[in-house]
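For reference, the chain that follows is the form predicted on its own, supplied as structure tokens.
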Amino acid sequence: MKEILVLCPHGVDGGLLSKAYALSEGNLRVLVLEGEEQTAEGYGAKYIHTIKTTPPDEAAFAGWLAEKIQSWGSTIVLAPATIAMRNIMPMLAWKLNAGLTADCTALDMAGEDLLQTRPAFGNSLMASIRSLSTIQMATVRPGTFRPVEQKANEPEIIPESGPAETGKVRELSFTEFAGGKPLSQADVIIAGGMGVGSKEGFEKLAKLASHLGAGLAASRSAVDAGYAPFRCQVGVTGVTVCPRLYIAVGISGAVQHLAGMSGSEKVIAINSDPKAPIFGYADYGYVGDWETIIDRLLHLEEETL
């Protein structure tokens, strides 16, 4: 099986490494920041290249990566679809004369070729894409694949110096996102849909999420209605998640939303419509007024505090 290279210079994506390990049958090469070797090793990496820091000039970094990838002989290159890697990967693909599929929601192998699946035509269908270039590249939505740790296999750790030139970009400051842990990393998620009915209803869901240490999510229709901010949106046009528990409150279960939470281990649906499609997908369902059960859960949580 072909070796797969995963670029994680801004933090290890355990789910993506797990998928690459499975697709390559353990023939996995990764690039990570210095200090994250042990994490990459835990997901089965065979070769671990490290850099001390990520250069602020993304064009210079892409040029350096292109030279390294050619020397390593990598023909399948993956990266999480973070803001930074969405900028770097197109420049890298141009330098390598490689095909690139962005924002994938599924990956598979057809012989030695990588099959890359992503939404297309206004999210009305899912397209399976095969690159015709020698080097095949893809970015994958964070949270698409569930992290699965592997038995350590004593990888070869290779320190890299990084680009010799700093380029024309200089980082002046950096501020962490103030919204807490990203949804793609949440173990428990409480998601609301149009059935919640108002911004005030979402405040109640947010209160329960806070008590449970859960992430707050929303369907696209709820975001469009102004009930929740866009960063909460789960689905084809939002975030992809794979929590241990997903509680869908007032969500009908449109295909676009299901695509974003299909990796959830357990799904609990709460909806007043017994015919809502979400019940066909959920592990457990409650038919009735969502506020009744959420109020009860809040009461139980407050009793234990």
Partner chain sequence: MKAVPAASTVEVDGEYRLKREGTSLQWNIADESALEAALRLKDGDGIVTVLTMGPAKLEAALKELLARGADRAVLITDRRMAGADTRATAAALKAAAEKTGPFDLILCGRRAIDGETGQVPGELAAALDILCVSNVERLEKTETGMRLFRRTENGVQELEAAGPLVVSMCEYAYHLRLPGILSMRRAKSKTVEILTADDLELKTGECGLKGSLTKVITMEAKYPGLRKGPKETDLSKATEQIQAMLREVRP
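The model shown is predicted, which means the values in this text are computed figures rather than measured ones. Positions refer to the first chain, counted from 1. C-alpha atoms forming the largest set that superposes within 1.5 Å between two forms make up the rigid core.
What comes next is about the form predicted together with its partner chain, which does not appear here.
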| item | value |
| --- | --- |
| Option from 68-76, 98-106, 196-204, 155-163 whose residues, in the predicted complex, bring a heavy atom within 4.5 Å of its partner chain | 98-106 |
| Interface membership of Ala282, its partner chain in the predicted complex, 4.5 Å heavy atom rule | yes |
| is_contact(Lys46, its partner chain) in the predicted complex, heavy atom dist at most 4.5 Å | no |
| Close approach of Pro182 to its partner chain in the predicted complex, 4.5 Å, heavy atom | yes |
| Heavy atom of Ala59 within 4.5 Å of its partner chain in the predicted complex | yes |
| Option touching its partner chain, based on a heavy atom within 4.5 Å in the predicted complex, out of Gly235, Gly215, Gly143, Gly192 | Gly235 |
| Its partner chain in the predicted complex - contacting residues of 185-205, heavy atom within 4.5 Å | Asp187, Val188 |
| Rigid-core frame, C-alpha of Val12, shift of 2 angstroms or more between the shown form and the other one | no |
| Post core alignment: Ala106 C-alpha displaced by 2 Å or more between the shown form and the other one | no |
| Is_shifted Pro80 between the shown form and the other one (CA, 2 Å cut-off, rigid core) | no |
| Comparison of CA distance in the predicted complex with shown form for Ala254, Leu107, at least 3 Å | farther |
| Closer or farther: C-alpha pair Ser18/Arg231 in the predicted complex, relative to this form, given a change of 3 Å or more | farther |
